[in-house]
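Shown next as C-alpha cells: one chain only, the form predicted on its own.
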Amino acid sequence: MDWMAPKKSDHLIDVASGSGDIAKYFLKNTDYTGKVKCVEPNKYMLEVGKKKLKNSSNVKWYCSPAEKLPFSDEIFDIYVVSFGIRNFSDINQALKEAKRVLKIGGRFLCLEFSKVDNEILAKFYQGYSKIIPYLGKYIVGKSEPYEYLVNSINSFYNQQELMDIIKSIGFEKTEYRDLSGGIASIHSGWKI
C-alpha cells in the first residue's frame, strides 16, 4: 500500500481479489473516498469478500476471469493483483486487459510469490515448502491444495522473467521490489 500510494478518489481494480483485503486497505488509505471494483473468478471467494466488506458502499463485486474484464477502456487509476497472477490461464491476455482498462498514467501492481536469491534462505525455504502439504493435510485434512500451491510457485516465472513479460505488453517504467528475500515480490509498471 505504501508503494501504491493511492490518492483520494482513485479508482482501483483489484483482480483475483479473494477476500477483499487489498480493497479494505485501499479504502482506508484514501480516507474512504476511493472506489474499488473487485474481480474474482471464484464465486465462493467472491461471496467471502462481499460479506467481509458488506458495509463498504465504494466497493463493487464482479465474478469474471482476468482475461476478459467486464469494463470499458481506460477507467481505472490502479490495477492490482495479489497472489493471483500465477493462476491466470493466459498471463499475456490478462496483462493486455490490465493495460486496456487503465487510464493513461495508470499503474499496474502485482504482488506474487517469487524466487529467493539468497542461497541460505533458498535452502531453508525449499525445505519449508516440502512440509507445507503435510501441514495442510494435518490441519485441514487435505494436502492437494497445498501441493498445488508449492508446485505453482516453483514453476512460476522469476522476477526478471515476469518483468520482461510486463514490459512486452507495453507497460513502461517497470521495476520490482523483493520482499522477505524474494519469497514474494511486487512488480510495477505504468501505462504511458
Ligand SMILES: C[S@@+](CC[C@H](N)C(=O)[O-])C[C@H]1O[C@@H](n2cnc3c(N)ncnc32)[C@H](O)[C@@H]1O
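In case it trips you up, residue 1 is the first one in the sequence shown, and so on. Since this is a predicted model, take the numbers as computed values, not measurements.
This protein has a second form, the form predicted in complex with the ligand, left out of what is shown; the following refers to that one.
Q: The chain here is shown without the ligand. Which stretch in 162-170, 26-34, 66-74, 53-61 comes within 4.5 angstroms of it in the predicted complex, by heavy atom distance?
A: Comparing against the ligand in the predicted complex, the contact stretch is 66-74.
Q: Would Val48 sit within 4.5 Å of the ligand in the predicted complex, counting heavy atoms only?
A: No, Val48 sits far enough from the ligand in the predicted complex that none of its heavy atoms falls within 4.5 Å.
Q: Is it the case that Leu12, even though its partner is missing from this view, gets within 4.5 Å of the ligand in the predicted complex, heavy atoms only?
A: Judged by the heavy-atom cut-off of 4.5 Å, Leu12 is well away from the ligand in the predicted complex.
Q: Can Gly106 be called a contact residue for the ligand in the predicted complex at 4.5 Å between heavy atoms?
A: It does not: once the ligand is placed as it appears in the predicted complex, Gly106 has no heavy atom within 4.5 Å of it.
Q: Taking any heavy atom pair closer than or equal to 4.5 Å as contact, tell me whether Gln93 reaches the ligand in the predicted complex.
A: No, Gln93 sits far enough from the ligand in the predicted complex that none of its heavy atoms falls within 4.5 Å.
Q: Just to make sure I understand: among 70-86, which residues lie within 4.5 Å of the ligand in the predicted complex, judging by heavy atoms?
A: If the 4.5 Å heavy-atom criterion is applied to the ligand in the predicted complex, 70-86 yields Ser82, Phe83, Gly84.
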